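Below sits a lone chain in structure tokens, taken as the form predicted alone.
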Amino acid sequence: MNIEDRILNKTLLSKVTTAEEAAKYIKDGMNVGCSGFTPCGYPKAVPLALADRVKNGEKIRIGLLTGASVGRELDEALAGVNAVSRRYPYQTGKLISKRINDGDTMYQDIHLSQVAQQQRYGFLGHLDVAVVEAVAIMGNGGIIPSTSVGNTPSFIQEADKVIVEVNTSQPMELIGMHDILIPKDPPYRQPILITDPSQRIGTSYMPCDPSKIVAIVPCDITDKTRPLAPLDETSKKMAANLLDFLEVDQGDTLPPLQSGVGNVANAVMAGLLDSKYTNINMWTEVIQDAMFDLIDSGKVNAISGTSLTPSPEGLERFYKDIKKYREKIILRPQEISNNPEIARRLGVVAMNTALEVDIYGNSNSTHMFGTRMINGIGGSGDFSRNGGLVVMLTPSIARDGKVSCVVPHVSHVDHTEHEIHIIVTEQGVGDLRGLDPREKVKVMIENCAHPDYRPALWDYYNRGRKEVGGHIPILLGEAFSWHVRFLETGTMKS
């Protein structure tokens, strides 16, 4: 099928042009909103053409907004030529991360459910151009997303100009998989009437005024999804610990599940295959490989998210059996998929990962040793602040045992003791519900910390109680010395 067959509004055929011509609509100092949530459904040809303009000597730096992280043709290509002045709200590329930590790119880490509304409010600046990957354009100008939705519907609504990349590598069978709703902003917002992940409340396309479309670019560059590492023993043990806990705590029926991205999350989903649970529903952000296994097993009723995030092999598998998977998967805007109202109504089991946790139940998900941004908070805050059961998972040690991931005080706080119910490591499960902070210490050290670090953690806590006392005994200077010690000696062992 050629691109003309994917443009049902024939008056727009005159807008078909090259990526190089389309990129000329993007000027220095503009704010640009792009589709994409993880390395799926993001524009590819136009960002590459924009990067080439900078390589050829033009001065172009833009504010870049997306749904979350995106593929290398966007973040990495533009970061490689230092063309991103500001970045919102999440990223994973090595080059863009380096630009942020070096101060070349200003970056605000934002809860993903809040980005679209903040952009509509003007908090993030006026949106000049939206660049959107599409499967097709409908007769009314509506744009069919591809493998993610993210913030794209709101970007289309708010941008002055819209550039559409019609990607012919994305199958037309994606049509019908999406459920698009842009909620009205307060004080006019109405309840979002979803009581089950399988429900649909919107349209299958993203509304767009055809007059806003200034360029349509043919593209056949495929999504560059990232491979998943083989499931290691630590991830398997963490998943087994959590599932054993859920079988006791939740009984025979699970509420809808939310699971973050990565190998640990994929291991938890894989563990469900061998569990007693059937009729599983998921209200989450991303769909990974193990979720296809769950669909194949017949254990899943519905999976609602905002993006596919499989490995390259998983994406090929999805395309091969797309009609089957489309029956179970719904992709929505991230302000719906991550919506606090819905997460709280459904009582989701929220499962996300941390870099480190402390003995009082706080979690750091974003900053290495408190200073260097890794990726961002993503959607974990949306779910941890509103889930019915909130779980944080982390290994007990890192860097070949040189670092304890259970520390006296996290070096950066993303998720506080007030919202986390359960912490899981490969050592065991820490059930923190209803506990005084001083009661949490015993649970965290004995159930979650690695045995090599338990004596030092107990020594810290006991001296803290003696020297400062209080509801949360913290020796602040010494708490952070755990991180300084690693930076100086390469080990946090005392």
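On a predicted model such as this, the values are computed, not experimentally measured, just so you know. Start at 1 with the first residue shown and count on from there.
The following text describes the form predicted together with a further copy of the same chain, which does not appear among the structures shown.
Enquirer: Is it true that 31, 229 and 298, all three, sit within 4.5 Å of a further copy of the same chain in the predicted complex, judged by heavy atoms?
Expert: No, the candidate spot makes no contact with a further copy of the same chain.
Enquirer: Consider the chain as shown here, without its partner, and state which of 72, 161, 385, 328 has a heavy atom within 4.5 Å of a further copy of the same chain in the predicted complex.
Expert: If I apply the 4.5 Å criterion carefully, the residue I get is 385.
Enquirer: Could you tell me which one of 234, 339, 241, 157 places a heavy atom within 4.5 Å of a further copy of the same chain in the predicted complex?
Expert: Looking at 234, 339, 241, 157 one by one, just 339 meets the 4.5 Å heavy-atom criterion.
Enquirer: Within 4.5 angstroms, counting heavy atoms, which one of the listed stretches 267 to 275, 310 to 318, 368 to 376, 392 to 400 is next to a further copy of the same chain in the predicted complex?
Expert: So the stretch in question is 368 to 376.
Enquirer: Closest heavy atom of residue 432 to a further copy of the same chain in the predicted complex, within 4.5 Å or not?
Expert: It does: once a further copy of the same chain is placed as it appears in the predicted complex, residue 432 has a heavy atom within 4.5 Å of it.
Enquirer: With the partner left out of view, is residue 439 within 4.5 angstroms of a further copy of the same chain in the predicted complex by any non-hydrogen atom?
Expert: Yes.
Enquirer: Taking a further copy of the same chain as it sits in the predicted complex, is residue 472 near enough to touch it, meaning that at least one heavy atom pair lies within 4.5 angstroms?
Expert: Residue-level check for residue 472: yes, a contact with a further copy of the same chain.
Enquirer: If we define contact as a non-hydrogen atom of the residue within 4.5 angstroms of the partner, is residue 193 a contact of a further copy of the same chain in the predicted complex?
Expert: Yes - in the predicted complex, heavy atoms of residue 193 and a further copy of the same chain come within 4.5 Å of each other.
Enquirer: Counting only heavy atoms, which residues in 262 to 298 are within 4.5 Å of a further copy of the same chain in the predicted complex?
Expert: Stretch hits: zero.
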